[in-house]
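There is one chain below, alone, in structure tokens, taken in the form predicted alone.
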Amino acid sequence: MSVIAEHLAKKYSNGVWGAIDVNFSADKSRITVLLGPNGAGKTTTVGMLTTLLKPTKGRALIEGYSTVDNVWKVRNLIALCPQDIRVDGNWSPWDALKGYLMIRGLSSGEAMEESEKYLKLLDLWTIRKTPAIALSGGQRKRIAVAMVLASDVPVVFLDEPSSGLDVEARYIVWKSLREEAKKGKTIILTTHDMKEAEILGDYVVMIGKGKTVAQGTPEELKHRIPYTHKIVVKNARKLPIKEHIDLGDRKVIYVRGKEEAMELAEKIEATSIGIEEITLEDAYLYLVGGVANGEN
């Protein structure tokens, strides 16, 4: 495995545990998604994997090297796009990429060649000479993504890479990540967006309250819950079942098959009734959010 996290835990100086027991592995040529709500421990985990934080417990390996014992070796093997990264407002996309790649050891000619390739990949070529201060937040975020993807390293980390992006820009980033994974890179990203994890991820690690709760492919995780469909009810006047998720004027009922869903839907009186297949979000609610324990 390219990346291994074994019982990673981090206790900060104020006594708060940012992560308690994180376990997973990530391999080449696939995108591994760390999925969980804000405060779940995703960013802390990335900090430990990228040598920015020293684990309180457990260990992390990058390409076989310890993130504690071989810090500089690991740093030469990885690239990180932090969630709160800022591109200097005076830099153009071209300046940012070329400068970053030369700092990482590429010659001027190599940096120019790679910069052109990744500026085009992230749809930034036409604005390559525009100062970042004149660009949108989404464009600046894509500059940061381009910088780490252009790095000639085997392992890339991205913390919430699509946050703040509009729909079009998000799909540009997703496509670029898929293309880089196909080239053999190990890509690890964090998100709280269930749709992003389901569409983009080859492997999903669900993290809740600092612990790895479940992991597998999106399909494997969906198959771990005993339901195949859900009924979404709006403004119910008659609901002949007690077990449901209450969202105020919306109710969600999980069922074990489409036929069961259709039979139950006929007995419901409401403004609107919809039957849908379950998604990764439903699996998360069941496996992490307490639905499995009846906490609805």
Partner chain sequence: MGKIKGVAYLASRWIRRQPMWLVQDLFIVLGFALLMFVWGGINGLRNVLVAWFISGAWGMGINLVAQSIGWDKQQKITDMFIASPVKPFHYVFGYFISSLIFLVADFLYMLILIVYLNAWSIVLASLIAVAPLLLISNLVGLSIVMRIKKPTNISAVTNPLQMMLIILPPVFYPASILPETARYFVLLIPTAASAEIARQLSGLSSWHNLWYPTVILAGWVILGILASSRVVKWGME
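Here the structure is a predicted model, which means the values were calculated and not measured. Positions refer to the first chain, counted from 1.
Missing here is the form predicted together with its partner chain; even so, the following discussion is about that form.
K.L.:
If you check Pro131, Pro226, Gly184, Gly164 against its partner chain in the predicted complex, which one has a heavy atom within 4.5 Å?
P.N.:
Exactly one listed residue reaches within 4.5 Å, namely Pro131.
K.L.:
Check each of Leu52, Met262, Leu247, Ile241 and return the one that places a heavy atom within 4.5 angstroms of its partner chain in the predicted complex.
P.N.:
Only one option qualifies, and that one is Leu52.
K.L.:
Please name which of the stretches 176-184, 206-214, 147-155, 192-200 has residues with heavy atoms lying within 4.5 Å of its partner chain in the predicted complex.
P.N.:
Only one stretch passes the 4.5 Å heavy-atom test: 147-155.
K.L.:
So, Gly138 and its partner chain: in the predicted complex, are they within 4.5 Å at any heavy atom pair?
P.N.:
No, Gly138 stays farther than 4.5 Å from its partner chain in the predicted complex.
K.L.:
Examine Lys117 and determine whether its closest non-hydrogen atom to its partner chain in the predicted complex is within 4.5 angstroms.
P.N.:
Lys117: no, not in contact with its partner chain in the predicted complex.
K.L.:
Taking heavy atoms only, is Glu168 within 4.5 angstroms of its partner chain in the predicted complex?
P.N.:
Outside the cut-off, so no.
K.L.:
Looking in the predicted complex, any heavy atom of Lys222 within 4.5 Å of its partner chain?
P.N.:
Judged by the heavy-atom cut-off of 4.5 Å, Lys222 is well away from its partner chain in the predicted complex.
K.L.:
Would Trp91, Asp95 and Met102 all count as contacting its partner chain in the predicted complex, using a 4.5 Å heavy atom cut-off?
P.N.:
Yes, the whole candidate spot contacts its partner chain.
K.L.:
Can you list, in sequence order, the residues from 11-45 that come within 4.5 Å of its partner chain in the predicted complex, counting heavy atoms only?
P.N.:
Heavy-atom contacts to its partner chain in the predicted complex: nothing from 11-45.
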